[in-house]
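In structure tokens, one chain follows: the form predicted on its own.
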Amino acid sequence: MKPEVYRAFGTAVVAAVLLVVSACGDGAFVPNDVVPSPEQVAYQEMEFIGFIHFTVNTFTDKEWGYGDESPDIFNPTALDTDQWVAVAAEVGMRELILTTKHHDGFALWPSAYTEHSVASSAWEGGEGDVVGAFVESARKHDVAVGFYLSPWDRNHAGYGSADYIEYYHNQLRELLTQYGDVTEVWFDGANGGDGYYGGAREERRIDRETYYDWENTWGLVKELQPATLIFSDAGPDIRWIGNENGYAGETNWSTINAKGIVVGGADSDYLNTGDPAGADWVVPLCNTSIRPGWFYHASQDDQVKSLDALLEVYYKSVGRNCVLLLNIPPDQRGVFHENDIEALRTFRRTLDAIFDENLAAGGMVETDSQWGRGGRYGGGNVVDNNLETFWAAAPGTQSGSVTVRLPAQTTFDHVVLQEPIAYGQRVSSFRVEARDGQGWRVVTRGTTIGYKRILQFDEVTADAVRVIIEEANNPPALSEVGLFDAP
């Protein structure tokens, strides 16, 4: 036998032995080839985070500043970062991302590399630091910190040249060395166009594929803060979902092929659904604003998203394997507007009322197969309210079923399913059946699950529920099965 044939034969034998050991014993569940990092898992478990857009635009009534605004325009009368963070924490946001610099180039901290910053503003006599106050408030309320630093800068004279990239890196270095741990750094694809550019007042175009030197820019972030997650169209850690409505696709894989994706020029449809054959785990993120604009405009005080609109965003983001990033813009006082706060609180109360009690808890669970022996991967894990434990189907399978026999006849109109994503994303097709007085009937079906899938349907009353995994790329696994009834 040739050496290479022998090696192949030996590998096959080892794999077969491991399969038998796993099936007959209690071998550890085998992860997929592509899995998230521990930091990505923790990020996905946040579920709901916030964005804060606040700069000179707040005072000029613009969405995109031109870059020629006087720093003195920035002068909030009652800036209160504690209010921002306290409200965010109250409504369940686990992280806040601050726009430290938007496209206008105005820095919300006293950067040593520009005079176009709070240090030249009327606010606090030029002695203030919005970023520093924000970070201090976030630490106080145990909310994670994220920074957005616009790659495009319509104020800087050197934008479009190599000098600007050095400037941009210097500002990144300031943010990532002066304010402690940062959970996320956010990069978007708004690149080039008309600007002030130090008085040139012209249009500048850049090659978005090469100009920002993304490999080294992202490398600088990881060098300064290795655990920080990076968002962009291409990740490398978190990806845009392809729209600003807050809606993920009905099918949404956490895996994509990130290589070759251009920041600011990606295929939105591809980002919206992910790729089951993707080689990279890049957490999908849905971003939208609580108002039509990203910055505060008094004319939009009566256009804050309704409860129904916020719930739709939630179901199509968190309920489709995404993290939801919701923007709340401070007003000219420097605080969240009362209308925004009331909308957020109503939203939170409603979510708490819907998902207060898992009606599947206490049910008896049966499965059609199980990985190994004993209870380590048994069906009971799907109703124990513990994401660390899970049911897994037998080795070699790509389908399976979990039946939850309820303690009594139960009425519900939501089902929540979760996969143990630390082991990868597996399910590509499933259906949910309920046993009512007429027997088993399908109440809903779906494609991907991922970290969390929430499905709504007309109320049903049943004494048992069956989740049937029709297709998966490896033995399927579920960490939680939840049943809920909206008040």
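Values in this document were obtained by computation on a predicted structure and should not be read as measured data. Residue positions are given as counts along the sequence shown, with the first one as 1.
Missing here is the form predicted together with ligand FUL; even so, the following discussion is about that form.
Against ligand FUL in the predicted bound form, the set W64, H102 and Y148 is in full contact: each member has a heavy atom within 4.5 Å. Using a 4.5 angstroms limit between non-hydrogen atoms, A190 touches ligand FUL in the predicted bound form. Although the partner is absent here, H53 lies within 4.5 Å of ligand FUL in the predicted bound form, judged by heavy atoms. Put simply, E244 is close to ligand FUL in the predicted bound form: some heavy atom of it is within 4.5 Å. When ligand FUL is considered in the predicted bound form, S117 lies well away from it, no heavy atom lying within 4.5 Å. For the residues F347, Y159, W253, W294, the 4.5 Å heavy atom test against ligand FUL in the predicted bound form is passed only by W294. Though ligand FUL is absent from this view, in the predicted bound form it lies within 4.5 Å of a heavy atom of just one residue from F412, W186, Y196, Y168, which is W186. Exactly one of the stretches 396-404, 104-112, 351-359, 286-294 approaches ligand FUL in the predicted bound form with heavy atoms within 4.5 Å, and it is 286-294.
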